[in-house]
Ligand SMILES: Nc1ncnc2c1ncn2[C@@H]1O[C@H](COP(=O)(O)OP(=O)(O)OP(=O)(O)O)[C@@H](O)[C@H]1O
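What follows is one chain in structure tokens, specifically the form predicted on its own.
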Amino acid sequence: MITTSEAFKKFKSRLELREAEQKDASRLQKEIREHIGNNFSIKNDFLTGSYGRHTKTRPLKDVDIFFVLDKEKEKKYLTDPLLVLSDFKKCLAKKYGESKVSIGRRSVGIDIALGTTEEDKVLSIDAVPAFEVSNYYQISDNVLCDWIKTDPQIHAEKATEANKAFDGEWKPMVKMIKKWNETQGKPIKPSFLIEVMAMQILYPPFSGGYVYELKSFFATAFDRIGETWNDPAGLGSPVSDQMDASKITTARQKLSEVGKFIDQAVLLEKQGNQLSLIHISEPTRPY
């Protein structure tokens, strides 16, 4: 009979990126970095986002690349933050096609067809133009029409620290919570907010039991989802700025539901109900 712990371990393994996904992402992000480097004066570039922090779940659908522009050679963009997004789009559209490239809030996205299945046929790579300013970076915000402060390297460092303190289980648990969020229509936005919340809610050391750690996370998240969750780097706008009253209500409803599901799974295990536990190990289930 499969136990609750075994079911969560199986679920955890199914969220790990496959070798083929890693190879595709590696090849394409290198290709894009080379193309951007040939058309702009780039001081430095590196991977960011959940892929760079190793908190990305499969199937791999997006990869973020941070491009630090040379301040002297590309200074025309310093007074026009939206122009750099427009020029990045034009540059990438020449290589990948106008229909494949679009401007997002703080990046330019490129959708690249891969494979043949519905699950893995498109990989989106986001190119984020930036400038280095003192001890932080500034990136263009297409909504605010201005430069905003950030430091993705601090985000990565804090995620690594949290994972180490939690006996290497913090990132796997974040992946589980992110997958739950995906299956529920992403009631918590952006997904980075889950990481920020997990830094405060998942207290080290790891207890050794996924089910009870997750039960605690969801219960606390239910109580605190309406709070303001600030940028871990202490620079940009609150990470929770997308969570308006309506979204908070929806998120609380979903958090309540998953909490009850976990309680039921624990109870059914005690009663010897194996079928319910098998459902936990399926990534498409609420758990």
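In this text the structure is predicted, and so the values were computed from the model without any measurement. Numbers for residues come from their place in the sequence shown, where the first is 1.
Although not depicted, the form predicted in complex with the ligand is the subject of the following passage.
Against the ligand in the predicted bound form, the set Phe192, Glu195 and Pro238 is in full contact: each member has a heavy atom within 4.5 Å. Just one of Lys75, Lys164, Lys149, Lys94 comes within 4.5 Å of the ligand in the predicted bound form, counting any heavy atom, and that one is Lys149. For the candidate set Lys171, His155, Lys215, Lys179, a heavy atom within 4.5 Å of the ligand in the predicted bound form is found for exactly one residue, namely His155. Heavy atoms within 4.5 Å of the ligand in the predicted bound form are found in exactly one of 67-75, 204-212, 184-192, 85-93, that being 184-192.
Contact check for Pro59: every heavy atom lies farther than 4.5 Å from the ligand in the predicted bound form. With a 4.5 Å cutoff on heavy atoms, Gly259 does not count as touching the ligand in the predicted bound form; it lies far away. When contacts are judged by a 4.5 Å heavy atom cut-off, Arg53 counts as touching the ligand in the predicted bound form. With a 4.5 Å cutoff on heavy atoms, Asp45 does not count as touching the ligand in the predicted bound form; it lies far away.
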